[in-house]
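In structure tokens, the next block holds one chain alone, the form predicted on its own.
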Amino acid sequence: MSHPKPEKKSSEPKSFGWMAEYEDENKLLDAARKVRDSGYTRIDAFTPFPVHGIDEALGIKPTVLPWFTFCAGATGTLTALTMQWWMNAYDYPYIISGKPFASWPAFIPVTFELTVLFSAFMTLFAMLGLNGLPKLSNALFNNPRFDRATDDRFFLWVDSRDKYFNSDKVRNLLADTGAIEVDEVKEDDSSDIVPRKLVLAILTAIGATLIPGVIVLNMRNSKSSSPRWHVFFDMDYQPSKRPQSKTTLFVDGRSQRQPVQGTIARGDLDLADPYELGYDPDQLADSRSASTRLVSLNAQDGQETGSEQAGDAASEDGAMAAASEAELPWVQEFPEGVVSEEMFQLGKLKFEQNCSVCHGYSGYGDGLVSQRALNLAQGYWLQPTSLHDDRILEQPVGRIYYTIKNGKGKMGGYAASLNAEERWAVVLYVRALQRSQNASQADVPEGVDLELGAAE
């Protein structure tokens, strides 16, 4: 025998306070001041736009939120400094760029980041907590007139949780403020049971969003003999043709193209061009081949002993690898386009910027750096070579270029500072310096000596 379920006794919806509606912000401000002066503190206003002075009218006190932010920022600062000190100076001490283990200035970037991070998160969560957010519902929304709070109406609300709250007194007080409507704010008395169909729909939607992720994870972690169906292409499929594949773009039907005649691979230009090297690599290769053949002729008929064969092998290696700088086939003349007024001015500029500090502006090895070192008289300074020494004057232009690029003795190379064109420009200017300091009467143009004599 079934018994009918007892019916739930209906209870009066809970009151959350009273709400008054106004036509403009001035009436709202006057009403807020009157309610504040009556001693009520749990009041709030709702307007379609910011109203200047509403905080003072409502009696809102300064928020404590900045203190939460300050405490969180200080915590982040101490956390960052302590963490870095413990990692760098205590748990695993190590030196970076000569800094001490506890390099407080170096700790500033991480300290700044953690200070901002802690402050930002605390500000957000403290704001939500102090405002009682998030709220799943608000009793104010039960009144359809409240929809105009975002349009053209202004509302003042007195919360029933105020310690001085009296329903009749609050209603009369709000009515006396000139409100066009005063309504009691009551809780939503609709059912709080979520419909079963809605629950099923939500669960189905959540499950559907998981399906693509499950498929991708399965594809990423499974093995198959067939090509994968890629969700993320990862540059696997490109419109470019693969080597040895057919194409209709070219007459021969092949997609792979031969390099243009004379093409040099990236990075290999300095291995084959005298302009980049300062000497002719082809002549060097020929000379080494001749040396190799000469060594091979001395090893005919297999008559050498083991020690003799070892000696010949060593001689062969020496012939291939021991071509000294003096034996290199240097470039004897300036390459085409180097000798010009523009290159001379470029060489003068680069020489004065990079070379004159040691070699001096005139090339005698008396630059400021050299003079300073000699004045210190520490005994180990090697004075830079004078560019006017006989052995330098006799050097080919390629030899000077090679020295500028690769360095010599204590002089470091300038390959990273000067490109090939700038190096040749410096060589041109060096030759001009040498010519100017070692000129003869024959180098003076006709008539110039007469003019100089007249000037004297």
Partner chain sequence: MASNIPNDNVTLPANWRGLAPILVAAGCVCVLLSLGLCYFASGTGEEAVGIRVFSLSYLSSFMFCLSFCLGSLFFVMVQHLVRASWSASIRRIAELLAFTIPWWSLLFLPVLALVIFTNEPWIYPWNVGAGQGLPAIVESKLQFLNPLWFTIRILVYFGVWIFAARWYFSMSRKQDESGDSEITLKLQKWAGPLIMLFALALNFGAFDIMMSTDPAWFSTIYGVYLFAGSMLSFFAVMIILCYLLQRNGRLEKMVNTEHFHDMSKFQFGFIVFWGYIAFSQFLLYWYGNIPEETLWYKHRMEHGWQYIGLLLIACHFALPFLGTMSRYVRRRKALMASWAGFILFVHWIDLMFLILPQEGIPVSFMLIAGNLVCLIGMICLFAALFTLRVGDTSLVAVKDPWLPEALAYQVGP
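Positions refer to the first chain, counted from 1. Owing to the predicted nature of the structure, the values given are computational and were not obtained by experimental measurement.
A second form of this protein, the form predicted in complex with its partner chain, is not displayed here; the remarks below concern that form.
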query: Its partner chain in the predicted complex: contacting segment from 376-384, 178-186, 356-364, 94-102, heavy atom within 4.5 Å; finding: 94-102
query: Close approach of residue 409 to its partner chain in the predicted complex, 4.5 Å, heavy atom; finding: no
query: In the predicted complex, residue 39 touching its partner chain (heavy atom, 4.5 Å); finding: no
query: Heavy atom of residue 46 within 4.5 Å of its partner chain in the predicted complex; finding: no
query: Residue 109: touches its partner chain in the predicted complex, heavy atom cutoff 4.5 angstroms; finding: yes
query: Single option in 30, 56, 389, 421 placed near its partner chain in the predicted complex, where near means a heavy atom within 4.5 Å; finding: 56
query: Interface residues of 69-87 toward its partner chain, as seen in the predicted complex [heavy atoms, 4.5 Å]; finding: 70
